[in-house]
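Take a look at this single chain in structure tokens; it is the form predicted on its own.
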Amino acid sequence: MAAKTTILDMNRFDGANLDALDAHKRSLVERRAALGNGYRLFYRDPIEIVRGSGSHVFDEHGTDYLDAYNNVVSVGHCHPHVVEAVSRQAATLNTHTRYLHETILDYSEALLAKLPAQIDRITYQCTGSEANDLAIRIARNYTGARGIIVTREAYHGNTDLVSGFSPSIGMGQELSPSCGLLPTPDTHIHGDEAIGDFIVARLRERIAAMRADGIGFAGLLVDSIFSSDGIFPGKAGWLNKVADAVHEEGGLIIADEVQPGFCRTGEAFWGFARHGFVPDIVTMGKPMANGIACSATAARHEILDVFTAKIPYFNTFAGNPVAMAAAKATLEVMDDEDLTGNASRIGSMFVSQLEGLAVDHPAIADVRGAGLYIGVEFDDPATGDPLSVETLELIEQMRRRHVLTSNCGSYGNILKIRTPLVFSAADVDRYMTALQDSLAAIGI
């Protein structure tokens, strides 16, 4: 079986390949040394992106690449409605939230209207990491306990606090002593029907073990699409019984909506809503302002008020008028263009075509997804071992055919398809043609 990989080391450029690049790219890569070694580039032959439009990006030569990976520009690269809103606000005012300003109020009212009525307070940050950092602090303050449970390959951010609850960063990242790990909810192994009971049983075991070590249970921090674990949406509703178990054990449930939120699953606006439960805290980030740094933590007032009664929260750049204008315009596009419906329709078409392709390619062990978040697992049909090397080569072959995608999961053997929400039927056709040709090229 392949060695375990980490989220940041998948599909990365290896500096040993520097001499294979043309002079221009080699110069750019060498200049990146000033950024330090922590940054990663995609692909053996990195791409210089200079322009974007909708679900397409273009390199310095004008070559058109289909973007099947980017969920940050959720309503498409350079959407004119968002560009206009940002430009207008940037030309007018940009400051912090300690003055009255109407845009943040308009957006907050519109966003809270998308959430369950019980979630009636919202506070802003700049990144999903900051949102999850604050959510953990709020949960610990409210429960008086320290223990936070996440799944085995979860990624929830990179602050000092949250990185301790992000095992997918890798073995070099020490987990928090108060971090409890659940197994990946692998429906390919355990099945759709059994997965809820399986995770509930493991949750209760983990809570008991933490308590035996003197660590109280504060809550479960969960990404309901399990993106870093390998994309395991499962049947709608299975997480409901997990949420019930969390509350029975005295903890809070924090729904990390950075990946599954904002129309992504096609079945509901939020990932948790697809499962039919109401979280105590909701965090969000990446897709909410179409590329402008913006995130938020929303919560039930009775939970947030206990925290803010002791600790005022202020973030200099969070909730600034430009970010709020971008977020408001992005939400308007999601509604006006029915991007939840598009994610459902195009996602269903995508999955159907992938399942059809699997009939002739036994290395495709599983196709799973919700809306426009899809995983395709590649295993050796004879042994069941993950085809990690082959999946990485497949991604490189796709890049040569001008389609951008990536991988995920413990062994990097799951093709990760996470497109802008404006992906079209023609885009699916182009992706499938490139995938078919790429599979033929590597012989799986």
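Source: prediction; values computed, not measured. Counting begins at 1, following the sequence as shown.
Note that the form predicted in complex with another copy of the chain isn't included here; everything after this is about it.
With the partner removed from view, the residue among 240, 118, 87, 348 that has a non-hydrogen atom within 4.5 Å of another copy of the chain in the predicted bound form turns out to be 87.
Out of the listed residues 144, 177, 356, 172, 172 is the one that sits within 4.5 Å of another copy of the chain in the predicted bound form by at least one heavy atom. With a 4.5 Å cutoff on heavy atoms, residue 383 does not count as touching another copy of the chain in the predicted bound form; it lies far away. Though the partner is left out of this view, residue 305 does reach within 4.5 Å of another copy of the chain in the predicted bound form, counting heavy atoms only. The closest non-hydrogen atom of residue 340 lies beyond 4.5 Å of another copy of the chain in the predicted bound form.
Taking the partner from the other structure, another copy of the chain in the predicted bound form has a heavy atom within 4.5 Å of a heavy atom of residue 312.
Contact check at 4.5 Å (heavy atoms) against another copy of the chain in the predicted bound form: all three of 49, 292 and 320 pass. Contact with another copy of the chain, judged by heavy atoms within 4.5 Å in the predicted bound form, is confined among 232-240, 275-283, 332-340, 133-141 to 133-141.
Residues of 115-136 lying near another copy of the chain in the predicted bound form, listed in sequence order, are 120, 121, 122, 123, 124, 126, 127, 129, 130, 133, the criterion being any heavy atom within 4.5 Å.
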